[in-house]
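Consider the single chain below, provided in structure tokens and representing the form predicted alone.
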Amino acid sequence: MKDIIYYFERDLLRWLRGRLSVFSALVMPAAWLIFVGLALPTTFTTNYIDFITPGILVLTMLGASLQGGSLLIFDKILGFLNKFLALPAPRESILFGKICFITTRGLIQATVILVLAFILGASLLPPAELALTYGILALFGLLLSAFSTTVALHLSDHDSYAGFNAIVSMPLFFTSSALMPYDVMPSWLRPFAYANPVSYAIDSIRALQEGLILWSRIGALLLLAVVVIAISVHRFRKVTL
């Protein structure tokens, strides 16, 4: 745990020193919440802010998690990763330190978006449902941060990773249940949206607004997270740079 905390603190301090990056990470989710949540006319709900807030929270975690892979690219280019891999500390501590930081950063950003949603008129959640919301977001963050870090391990520069990020992030979001319920989607989109891991998180949080817990969707997220983290640990143990 001590090694993981060291790697976590290193990335946290670097992030906090880059104030512009802290602010810029909130711009897109806040813009979606304000300009789409307040301006888009809908017929399937009377409070679209309530409906879209889970999607924007998951979008925030999605963006934070996928951007987290650039941290590893940065370490590779500057030669830090080679030095870390040569240390006696277990290699997976590098991975777990980055996963913990990326997930924590996403939860901090999601908290800002959640406060903004409440200001704009979203319904306040009871403490138990709010705690479960954070648990689902954390689980989703663990899944995506492990995935992005593993992908970054096999890419050589920021341009390659930026291209990967662009290819993955928006298609995942737009083929999910973030912006509309399944019954008003085009028929060809519904199977993709229902099978999308982003929808697992969104549907689980949205159900909490109605006092329900979708154990099947949460369980699917947990299973995916375990599988992806196991693959990530295996790749970190075998990697040579």
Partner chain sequence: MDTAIETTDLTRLYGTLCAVDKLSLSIGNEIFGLLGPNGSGKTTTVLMLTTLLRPSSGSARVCGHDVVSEAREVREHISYVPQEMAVDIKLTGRENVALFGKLYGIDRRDEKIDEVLEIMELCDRADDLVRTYSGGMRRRLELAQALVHEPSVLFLDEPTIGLDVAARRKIWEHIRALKGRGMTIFVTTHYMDEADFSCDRVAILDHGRLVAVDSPAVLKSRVGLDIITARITGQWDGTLPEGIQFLGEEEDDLVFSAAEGSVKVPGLVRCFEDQGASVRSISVRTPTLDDIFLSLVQTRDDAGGFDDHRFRTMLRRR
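All values derive from a computational prediction rather than experimental measurement. Numbering follows the first chain given and starts at 1.
Absent from the display: the form predicted together with its partner chain. The rest refers to it.
Though the partner is left out of this view, P88 does reach within 4.5 Å of its partner chain in the predicted bound form, counting heavy atoms only. When its partner chain is considered in the predicted bound form, R10 lines it closely, a heavy atom lying within 4.5 Å.
Among residues of the shown chain, Y134 is not one whose heavy atoms approach its partner chain to within 4.5 Å in the predicted bound form. Of the heavy atoms in F80, some are within 4.5 Å of its partner chain in the predicted bound form.
Proximity to its partner chain in the predicted bound form holds for none of F147, D159 and R235, with the criterion being a heavy atom within 4.5 Å. Judged by heavy atoms within 4.5 Å of its partner chain in the predicted bound form, the contact stretch among the candidates 162-170, 72-80, 104-112, 121-129 is 72-80.
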